[in-house]
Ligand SMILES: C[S@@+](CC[C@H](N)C(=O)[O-])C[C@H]1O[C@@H](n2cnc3c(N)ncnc32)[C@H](O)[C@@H]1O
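We begin with a single chain expressed as structure tokens, specifically the form predicted on its own.
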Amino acid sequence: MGEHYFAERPETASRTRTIDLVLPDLHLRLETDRGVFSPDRVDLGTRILLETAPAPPPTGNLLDVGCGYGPIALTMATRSPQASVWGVDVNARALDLARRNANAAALDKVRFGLADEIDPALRYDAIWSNPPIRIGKPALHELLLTWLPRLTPHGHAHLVVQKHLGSDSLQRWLNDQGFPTERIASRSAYRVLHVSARVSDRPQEGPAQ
């Protein structure tokens, strides 16, 4: 197997190209490169997420986990121009591309970085992700348990996962972890999961008067 997109510093020789993300409400021209996820086209799962997830909150902090070269984060920034958008990844080449793509699109409220470069005190009103399932279940669970607890009490996450890569078992696991999760869309063997903030992280309502 060749080098995978979740390498921290890809050794694959660089060969940049430009692709287009066209949705009913936006058109983004994105620079990609070898050694990052889906360099030849916007991944189908990502496209399904962007076409089916409800509009992100208009303000607040929004997060893309596993941002790659930025299609999800930049879509959120385009749809919610008053929000602050964050993208996190392990791949330095992808992060550099994402920053360049944000600059080219004049989206100045987007920040990209490694996990330890993002303030751990930040809380997010929405998290969107096409998570890196192929890193393996233990690493995936650790990744999700790093970021999902940072949802605001009324925040939500939307995840897109292929059925044959374990979307249904992931949904059960998330529910078992205390994050109420339901499927909101199913298309081309992909599932879009809606994840609410963990019940224990929500404010308790006072007694009835």
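Quick caveat, the model's predicted, so the values are computed rather than measured. So that there is no doubt, residue numbering starts at 1 and follows the sequence shown.
There is another form of the same protein, the form predicted in complex with the ligand; it is not shown, and what comes next is about it.
Only one segment in the set 117-125, 132-140, 101-109, 74-82 has any non-hydrogen atom within 4.5 angstroms of the ligand in the predicted bound form, and it is 132-140.
For residue 155, no non-hydrogen atom is located within 4.5 Å of the ligand in the predicted bound form, even though that partner is not displayed. Although the partner is absent from this view, residue 179 stays clear of the ligand in the predicted bound form, with no non-hydrogen atom inside 4.5 angstroms. A residue is said to contact a partner when one of its heavy atoms sits within 4.5 Å of a partner heavy atom; residue 46 meets this definition for the ligand in the predicted bound form.
Within this chain, residue 57 is remote from the site of the ligand in the predicted bound form, having no heavy atom within 4.5 Å. Residues 88, 89, 90, 91 are the ones in 78-92 with at least one heavy atom within 4.5 Å of the ligand in the predicted bound form, listed in sequence order.
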